[in-house]
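Here you get one chain, nothing else, as structure tokens; it is the form predicted alone.
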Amino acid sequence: MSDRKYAITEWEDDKEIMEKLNNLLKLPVVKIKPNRMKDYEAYFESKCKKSKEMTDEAKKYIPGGVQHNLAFNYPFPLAVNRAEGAYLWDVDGNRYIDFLQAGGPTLLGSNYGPVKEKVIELINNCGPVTGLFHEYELKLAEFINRHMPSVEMFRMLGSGTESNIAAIRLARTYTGKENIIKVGGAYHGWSDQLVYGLHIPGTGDFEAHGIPKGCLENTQEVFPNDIEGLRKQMEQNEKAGGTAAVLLEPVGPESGTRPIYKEYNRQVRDLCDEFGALLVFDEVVTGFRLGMGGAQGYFDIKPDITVFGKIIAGGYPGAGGIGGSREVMSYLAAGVEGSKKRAYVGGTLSANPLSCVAGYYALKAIEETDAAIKAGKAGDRLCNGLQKLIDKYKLPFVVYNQASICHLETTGLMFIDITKPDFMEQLVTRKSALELMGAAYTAEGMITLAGSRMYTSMADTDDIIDDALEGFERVFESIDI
């Protein structure tokens, strides 16, 4: 095993990255040459016919034709019927390098054999759910506590969205305060109270359709890295009942798409202590992906509540949970206890045996194989290679990574200034250009998240990364500049 604890080799110059991203926004959108884009679009029409037929038929029964937001891709969603290691195969038999990794949970690579064997064994012996206690609930909680000491107690739930709902309910119960502050642009699930300031900081309730205004009365946002803005908001809250919690993604909003300054988390921790608010680390993506101690271990910061998702069930369903100190978590005790104030959470399938077994053996395998370190090295190789290509073709693109969380910004979509009069025009133009880039990557044999984010896994060997870089170069040499 490696002596390294965390997969981030060094924290990149966050201020330099932000400067590059701001410069990207000042430039016209760079696009693929029209004739080359036609070739890429023709790939889907000729090579992905079964996917098109299937998703077209699905539109009769499923809104938009797919169930998952990550599956909405231009020109149409791909139907995938096989996943293994570093690759995905669609129903037409096309193979792709999988940089989506189900949105992040499969750090070991897809369908990891040793974990799958334990899941099959569990299904044969007891089935996926009983509604009663199972020994792997204990094993998983103990394992998490061993690597994240701040998680003295752990409650498993069904998703990251559920877990964030539970976190703010717990914070309000424990502190007796109501206001919640989130870092703008971050994603903490789709609950009524947290669909606020999504994707782009400052957008407030822009995407809060179907949500009564009252649900958002006590949700606020502050701009990333603006510690003085956070202090000002917390001071204002002191006159209106105080702040129950500050929620943040510890590498920055949207899995570090908008990277935070390295000192920012420590500054937020200090402010929470000063104002008696709980600090909530949303480690849905960073938990175990940055290392066994998560982002909190890397930054050496103890949050009051940690939110888990994705990897906590090793890529299997039922991936969510929250943890914290014994004092705070005692307010989440299961069962009926009318004599004590309690933050009620539940779920028939929460902590089901299948999820707990899958999570325990996946995390154990990550520990034993140094998966986070290996995936981080793959992320470094990918981003270093992309930077060389960007320099070679004199492109304005910005590439950076937090270990195995890799970002390739070609349009700056999520950095648009909402105060500018051409905000909506820029939004449409840059979103369309990003969709085309994502389609080009797919046609070259690489699946990414929305054309701008990539997750590497332990399965990504040097040869696989180098194959991917050849595909990216074919796209980059087709850019019209």
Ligand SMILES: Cc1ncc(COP(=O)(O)O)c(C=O)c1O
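Not measured: the values here are computed from a predicted model. Sequential numbering from 1, following the sequence displayed.
Below: the form predicted in complex with this ligand, not depicted.
A residue is said to contact a partner when one of its heavy atoms sits within 4.5 Å of a partner heavy atom; residue 187 meets this definition for this ligand in the predicted bound form. For residue 175, no non-hydrogen atom is located within 4.5 Å of this ligand in the predicted bound form, even though that partner is not displayed.
Using a 4.5 Å cutoff between non-hydrogen atoms, residue 150 does not count as a contact of this ligand in the predicted bound form.
Residue contact check for residue 161: one or more of its heavy atoms lie within 4.5 Å of this ligand in the predicted bound form.
Stretch-level contact analysis of 131-139, 80-88, 284-292, 358-366 against this ligand in the predicted bound form, using heavy atoms and a 4.5 Å limit, identifies 284-292.
Distance criterion of 4.5 Å from any heavy atom to this ligand in the predicted bound form singles out 310 from the list 182, 310, 407, 258.
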